[in-house]
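A lone chain, given as structure tokens: the form predicted alone.
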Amino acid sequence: MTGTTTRPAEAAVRPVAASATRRAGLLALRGAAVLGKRLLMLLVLLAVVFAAIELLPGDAASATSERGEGAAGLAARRHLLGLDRPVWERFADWITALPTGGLGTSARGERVTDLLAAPLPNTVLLGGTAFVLTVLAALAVGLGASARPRGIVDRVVDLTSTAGFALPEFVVSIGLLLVLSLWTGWLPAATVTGADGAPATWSMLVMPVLALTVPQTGWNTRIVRAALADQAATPHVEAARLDGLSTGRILLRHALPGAWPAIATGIATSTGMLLGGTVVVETLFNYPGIGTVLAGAVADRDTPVIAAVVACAAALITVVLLLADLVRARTLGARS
């Protein structure tokens, strides 16, 4: 009796297991293809960085030379930095050392890994905090506006999110400095570092984080609102509405899951804008991050440092994009 009942069950399970294995294999291949595409884009981006710095007037030797240094000294410095070699040779040397963690030597003779060791965690803290706040605020405001489409709250959110996104980071930073520092004295205007190189107090993070969060929240709120509006027109959400479910339940249980792919893509796309804004914000608030290092490196025409910062930012953006792809694959796979 047992054999006659289990054999059909096993026969039914095998195709399901084979289908799951096939889907996992296809997902792995797709992930490998996406990762390969991202790495190729990173390679092209770094090559463009090397070429663009080469086209700038001056070079690292003249930018970092001592006052009154003669032509012979400059020529010796150019030879020491390898600037007398073709740019493609320098790029090949730098990119082949990258997989082993070698980021080269700066024009001032420092290892680039040592140069970025202290400011990189500060930038990750600043950008990560702003990123988390942006996601939470965009979801909360977008859901609140979607509760009553074309209502007063929705219209106010539409207006303020557009205004917030339109404001560049330096305008938001100046406004925060005027209100929260110069007029009220609530927060310090500039960042002071402690012995470990990090901001001395948590209050020094508030204005830089807000300066990054406000524009990105405006952008992502519009993404959340548009994705939820698209889902509101789908049959299953309409059916939930006709069944008399509450607005909160419809939004959270029926509309939001289907909106995740568009929301995840929008958030991932804004990561690059957020990292670009950190350069401006760190400079304005004297924040000790890689934005300050990057500004100095551009002034020095310091190609290894600039390329290393670009590589770090690109790696971080790649990780976020891969996570967004994973969210899209899981959501769409669950619905297929």
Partner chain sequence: MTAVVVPGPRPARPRTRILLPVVPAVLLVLLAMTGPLLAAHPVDKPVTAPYGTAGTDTALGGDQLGRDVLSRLLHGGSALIGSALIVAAVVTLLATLLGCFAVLGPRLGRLVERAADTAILLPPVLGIMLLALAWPGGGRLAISVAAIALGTPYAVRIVASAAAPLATSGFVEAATASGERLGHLALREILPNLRATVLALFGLRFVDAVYVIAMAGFLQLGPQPPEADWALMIRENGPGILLNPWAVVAPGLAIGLLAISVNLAANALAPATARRAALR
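In this text the structure is predicted, and so the values were computed from the model without any measurement. Positions refer to the first chain, counted from 1.
Only in words, not in the display: the form predicted in complex with its partner chain, which the text now covers.
- Proximity to its partner chain in the predicted complex, taken as heavy atoms within 4.5 Å, picks out 171-179 from the listed stretches 129-137, 251-259, 88-96, 171-179.
- Remark: Ala52 counts among the residues lining its partner chain in the predicted complex, judged by a heavy atom distance of 4.5 Å or less.
- Within 4.5 Å of some heavy atom of its partner chain in the predicted complex lies at least one heavy atom of Asp230.
- Under a 4.5 angstroms non-hydrogen atom cutoff, its partner chain in the predicted complex lacks Ala239 among its neighbouring residues.
- Among heavy atoms of Gly31, none comes within 4.5 Å of its partner chain in the predicted complex.
- Of the candidates Thr234, Thr247, Thr162, Thr113, Thr162 is the one whose heavy atoms come within 4.5 Å of its partner chain in the predicted complex; the others do not.
- Residues Trp219, Arg222, Ile223, Ala226, Asp230 are the ones in 203-230 with at least one heavy atom within 4.5 Å of its partner chain in the predicted complex, listed in sequence order.
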